[in-house]
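The chain that follows stands alone, in the form predicted on its own, written as structure tokens.
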């Protein structure tokens, strides 16, 4: 059996979910649904990162103990993902005791192997990023992400001999050119590895920070948040049992935003090498979402909430826009005008109208009762089937390449062909002066169109799961009668009754431009 292990980054609990994290969840959920539907054994992991300076500062500012604060925010993340219909298999928290124990176990293993040492360090530290920066990495003397000047810190700490594995990682990238996808991000990591990367400071003294996993071989220190959080990808599988680790780890597919490329592309693989663990299969890196051309921020009031979008336009419409409007690996811009345009053109006018049109004719002409197909297909029928068979085949390649926009383009191309099929066969014209042959032909045409809707329900399910459920309901198909593997024309037996149409995507009326 084929398997896939999908992971999201652990979301930091200093703020609630927004457009950026929702995008990561939607693409991974889409993949999980797709591979499950195709018979793959799938494990899908998400969770929350709950240690470190930022969490401690925010909880202190709120006057709440950090564990109570993280309990509250982690629960909010889980609640939001559940309300968004995200089908993760396991939700991990870095405060879970099984994770804490495994981090300490791995630290001890790497320490005993001689790859962790104690030394005095002086460096420029960004509290927002919770990491040290070199002068070269700063932009105008400031952190490139937070645009603040890092603070010079000098203290004794533990270090991981990351530089020891630099050449080995560079060789791996050359031997496995798709290890990091898309290629541009792989090239970024290769460029990092062609310069000295140094060793990684992996502890924080308790005199400065107490909220973290205690270093097992020195209780005066807690673990650096990245050396804690990254390990979740393994600790979650180990928690499920060694058999789960053996099955799924070789198929690990990490999905992250480009802002955390270095920890996942450099820190994490070298940590795995030091621990004697195999590397993950792929690191998949997506771009940023801006809103109307601007970076999202609370001060600008332009933060997009997934639950607000669900209430405003529907979760499936939100999913469709993010998947169709963006190219994986590139930045994208969220604009309400574009959202409404895609909604009206693709969902309301195209998909929604097609469903309503077919079911309305089925009700009007045959009281919803499915009519039989003839022994031979007419010349117009075979291309319709072929177009959807082609779309399904193309879907395999596009999903493997993370080209969600191309996958949807292919499905909508088949949709366009279905609309043209109705125009070519003109059942409404045939029914103006029906005779026995014309009536039979109209029944055939609508039977083929019901197969279109059944096929759409199956192929759209990973992308628009609620819409797929509604389509199956309108077709009066249960889990037992949907027959996903049924041949075209073999699912609907004559006499099966479908339901009257309903508006899947009511058109959004907008104010005319002045």
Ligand code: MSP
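Keep in mind that this is a model prediction, so the values were computed, not measured. Numbering follows the first chain given and starts at 1.
The following text describes the form predicted together with the named molecule, which does not appear among the structures shown.
Asker: Counting only heavy atoms and a 4.5 Å cut-off, does the named molecule in the model of the complex sit next to every one of 180, 269 and 278?
Answerer: No: no residue has a heavy atom within 4.5 Å of the partner.
Asker: So in the model of the complex, does any heavy atom of residue 11 sit within 4.5 Å of the named molecule?
Answerer: Judged by the heavy-atom cut-off of 4.5 Å, residue 11 is in contact with the named molecule in the model of the complex.
Asker: Using a 4.5 angstroms cut-off on non-hydrogen atoms, would residue 256 count as touching the named molecule in the model of the complex?
Answerer: Residue-level check for residue 256: yes, a contact with the named molecule.
Asker: Heavy atom to heavy atom, is residue 49 within 4.5 Å of the named molecule in the model of the complex?
Answerer: Flag for residue 49 set to yes.
Asker: Is the gap between residue 226 and the named molecule in the model of the complex 4.5 Å or less for some heavy atom pair?
Answerer: Judged by the heavy-atom cut-off of 4.5 Å, residue 226 is in contact with the named molecule in the model of the complex.
Asker: To verify the annotation, which of these, 93, 131, 387, 264, has a non-hydrogen atom within 4.5 Å of the named molecule in the model of the complex?
Answerer: None of the others qualify; the residue that does is 264.
Asker: Just to be sure I understand the contacts: of 121, 440, 217, 288, which is the one whose heavy atoms reach within 4.5 angstroms of the named molecule in the model of the complex?
Answerer: Contact with the named molecule in the model of the complex is made by 288 alone.
Asker: Quick check for you: of 229 to 237, 394 to 402, 242 to 250, 358 to 366, which stretch puts a non-hydrogen atom within 4.5 Å of the named molecule in the model of the complex?
Answerer: The contacting stretch is 229 to 237.
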